[in-house]
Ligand SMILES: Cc1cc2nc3c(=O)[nH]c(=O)nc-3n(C[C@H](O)[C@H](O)[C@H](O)COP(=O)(O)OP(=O)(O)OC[C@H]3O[C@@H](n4cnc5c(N)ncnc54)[C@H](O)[C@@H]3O)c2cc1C
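Next up is one chain by itself, shown in structure tokens, the form predicted alone.
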């Protein structure tokens, strides 16, 4: 069969040679934890059909990732359960593995790869993924194909790092339409050419590394023996493709029509709430885009000339235009940075002007200076900031607008800007379901000047960094219900 996965999205991570007499093709699912709209899964399927070999989908979850907790483990395992159920109806072998203790999974991928003609995996440009892929690529004798299914825009298409949203938006409006013809298949496993896997294919592997009992892990106290952070509990929001699909339905039906007005109102439920599912790969940005455009009765003939503006390019309603700007500009500019700049999460990656102005004000008097522990426990003098922090701890998210204020006040109330960055990263990555992601790093670094410009008047501590206050926030937005909800 002829693959429709664009070559620009496929990267050869090593020089391994195809093992023709191997027993299967392995898709090592690490970031795009879904069976729908997934270029990586689609490429693995294509190779399995081409080689006339069964396809094994291997989805592992290890213990030793930074900030591992009940919250993230459960969200991921809920997604694994959805995948397991869906694969029961398909001609593939799904192998979920949840490492029970540190080091227990060592050697598993290598052993599984002994059966593989080729291994395909996900090309996610953030957190531990790039280093992990480099390490594995050096050890595998067969080819390791790494596939980009992160964004509407292929990550390799941009030839430069964009530093402001306006320039990225104008470039995106010019370049993205050509890639809208290359969407991943909705159901890549609905393929009658896949060779059925023999039941005994993974028997030897699973003697040493048993498949996870997902229902047992999701039962009460199912994770209590794991060496992860049990002080960060699961949230009410369920992970997985099923929950992501339901939430997308609800957003389109109930909230898209008022998105532009209500997304910045803390008392309203105005945002899509899809960012955790996008982060863990439970839903594809391609599917989100397709569903939004279907609801707007859009077709490519409605596209306008690139103008670099938030509204007016796509030819849909202003609420959908505002949402698409978040999906296609603000989300994807963060991936552009993470893909091209290995130091995307380091202080020195900030624009020169912002580092210069913060350095000039580093010795300014600070009326309040809080420690990481005081921030974490919401023990500041500011009830609005405390409420935002409590929402982060309880729900794994902060309201869109208040997340900006949350970061600005951390800069205001720490000894140095570097301390502020460290605290923002620690709190966000420890508690936020959508943390450890290019998009969340964009938000954190925006607080310190990334994707922004110098502002006046120059102020103590902030210098020329954009300034925000709780007082102005209270004047601009209704906060009574929000503050009551997160009062203690």
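Residue numbers count along the first chain shown, from 1. If you're wondering where the values come from, they're calculated on a predicted model, not measured in any experiment.
The same protein also exists as the form predicted together with the named molecule; that form is not shown, yet it is the one meant from here on.
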Q: Although the named molecule is absent from this view, report whether residue 447 comes within 4.5 Å of it in the predicted bound form, heavy atoms only.
A: yes
(Q) How about residue 75 - does it come within 4.5 Å of the named molecule in the predicted bound form, if we only consider non-hydrogen atoms? (A) no
**Q.** residue 326: touches the named molecule in the predicted bound form, heavy atom cutoff 4.5 angstroms
**A.** yes
Q.
Contact with the named molecule in the predicted bound form for residue 426, defined as at least one heavy atom pair within 4.5 Å: yes or no?
A. no
Q. Which one of these stretches, 77-85, 163-171, 263-271, 304-312, sits within 4.5 Å of the named molecule in the predicted bound form when only heavy atoms are counted?
A. 263-271
Q.
What I'd like checked is whether 331, 439 and 443 together line the named molecule in the predicted bound form, meaning each has a non-hydrogen atom within 4.5 Å of it.
A. yes
**Q.** Heavy atom within 4.5 Å of the named molecule in the predicted bound form - residue from 412, 71, 145, 403
**A.** 403
Q. Out of 349, 275, 319, 386, which one falls within 4.5 Å of the named molecule in the predicted bound form, going by heavy atoms?
A. 275
